[in-house]
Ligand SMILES: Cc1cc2nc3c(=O)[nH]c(=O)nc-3n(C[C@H](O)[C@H](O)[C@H](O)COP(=O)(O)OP(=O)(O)OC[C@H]3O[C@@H](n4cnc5c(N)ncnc54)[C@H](O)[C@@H]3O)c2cc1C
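Quick setup: one chain, the form predicted alone, written in structure tokens, and binding and motion questions come after.
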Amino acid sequence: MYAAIAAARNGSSVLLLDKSLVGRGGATIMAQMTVAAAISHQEPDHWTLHLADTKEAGRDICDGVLSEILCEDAPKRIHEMDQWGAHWAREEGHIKQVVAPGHSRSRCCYVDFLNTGPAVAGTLRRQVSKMETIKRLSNVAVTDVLVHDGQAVGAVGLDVIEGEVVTFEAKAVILAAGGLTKLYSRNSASTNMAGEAYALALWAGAELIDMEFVQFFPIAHLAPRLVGMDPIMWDPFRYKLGGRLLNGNFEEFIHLYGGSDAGKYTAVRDLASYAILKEVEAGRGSPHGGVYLDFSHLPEAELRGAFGPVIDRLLANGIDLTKMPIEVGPTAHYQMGGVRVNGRMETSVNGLYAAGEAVGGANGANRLSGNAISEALVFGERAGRFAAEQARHVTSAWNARLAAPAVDQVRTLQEHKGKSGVHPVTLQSELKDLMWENAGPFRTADKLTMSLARINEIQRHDFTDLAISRERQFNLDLQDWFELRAMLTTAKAVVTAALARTESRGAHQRLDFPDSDASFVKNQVLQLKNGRLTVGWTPVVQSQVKVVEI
């Protein structure tokens, strides 16, 4: 949405597509936590300090140019969102900011109560609706980005309501389809985050970078049963109130793994996830395969003061934080890798851009808490602005013949009977289990090789004869088929990259290579060449900015 707004106010006519409802799918609307920006409202701060924290969390492989852009532009976007009515929480007349794990300052703002993501999405929806040059199309799943002579010229999509093929002519295309959490059976985001942005980029000829770095959120809710609330809601509780993270023996343990977490929430996500899973592995986990998060030492008045009506929603779920701990554990949450872009958010394909979580590189091997929505706003604005500039200076190279293969594929599938009796969603479930078990928080060469072999087998054999309903309207089999195609491509990229990086760094933990290796302070680049996924390496783009002392 920010990309659409930026493109429109820079003179472009914009078509905003979403396979769900525009502004109501994806990850942002589910985010309940904070947005990092060095606006200095809570205490003196500077964007270079934010940059230093981002680089430290990223374990030496952040793209310096992208990290600088993220941290320098974040305050501008926060202030603009404030002008548009985002309703950031305030304290004594200024925007309230808190310290989040890995940050050296109180620089993370939010919207109470656990309403940051919905408020951001709602604010942007209102702005989009005010702009006559933005046309919105919901329930359209893009299946292919069309390229002619190295130039992105449009796309092909499936209207999932009517079952019709739709073609789109464009002078520039922006991929802002989010992450890949649907690849994992245990995940924190919307069910439509299936890694399409990465697959579409690869098929179009663009490069991916650092796909091995999938972030696993350490304290997602496991038990008791929680209905109608975000499984990663516990982060804000820890920011505001501390809370104790305890193993199955009710002992604090983060300090045993090189972190500091006693009474405060300071351990960064890769370390916290590692520590929790190691405790479970050692037989010191909670009954549901995680650890305990305990607030029972805090009075109810303090809990209500911090979270108001949320406490009643928890009580309706049978959770009384004053009397009982809850069980938490790691879950797939965010992709640090992604589409490789330059500072203009442009890929190696002319006219093809990316924004938000689709972009790889800015966060290195581990994303700093609070950088996700900042990244969406900052990279969205830049992608829209530079895509509009591109559109002003090129002539359309559209030719309907370019869309013919993609259109024919949809129509062939609509007539496909399928003899196997296996539906696409069945293979989706198998792939999600495969990725969680073999390419999840802990990895080995044997498990990754096993995953790669099975992914190849599905692509070559099982995928070719799936059962697809003959219905035209609301044909979920057809949508699931295209989603599975993208999931397999993206999963193969993750597994291939994880096999090639024979070390442990940040969110990528190899049990067979448990230490970090200085020779791997470099970025991994993937590309499709003649239908084969190739692996290459490139030096880390270093930041040239010096930290401003305050």
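Definition used throughout: the rigid core is the maximal C-alpha set that superposes within 1.5 Å between two forms. Computed from a predicted model, the values in this text were never measured in an experiment. Quick note: we count residues from 1 along the sequence shown, nothing fancier.
There is also a form predicted in complex with the named molecule; it is not shown, and the following applies to it.
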item	value
Stretch in contact, per heavy atom within 4.5 angstroms of the named molecule in the predicted bound form, of 244-252, 424-432, 190-198, 161-169	190-198
Contact label in the predicted bound form: Val339 to the named molecule, heavy atom within 4.5 Å	no
Interface membership of Arg107, the named molecule in the predicted bound form, 4.5 Å heavy atom rule	no
Residue contact check: Ile219 to the named molecule in the predicted bound form, 4.5 Å heavy atom	no
Contact of Met33 with the named molecule in the predicted bound form (heavy atom, 4.5 Å)	yes
Every residue of Asp270, Pro441 and Gly506 near the named molecule in the predicted bound form, heavy atom within 4.5 Å	no
Selected contact from Pro231, Pro325, Gly289, Gly205, since only one has a non-hydrogen atom within 4.5 angstroms of the named molecule in the predicted bound form	Pro231
Among the candidates Val214, Ala141, Val173, Leu277, the residue which, in the predicted bound form, approaches the named molecule to within 4.5 Å (heavy atoms)	Ala141
Residues of stretch 372-400 in contact with the named molecule in the predicted bound form (4.5 Å, non-hydrogen atom)	Ala372, Ile373, Ala376
Post core alignment: Pro236 C-alpha displaced by 2 Å or more between the shown form and the other one	yes
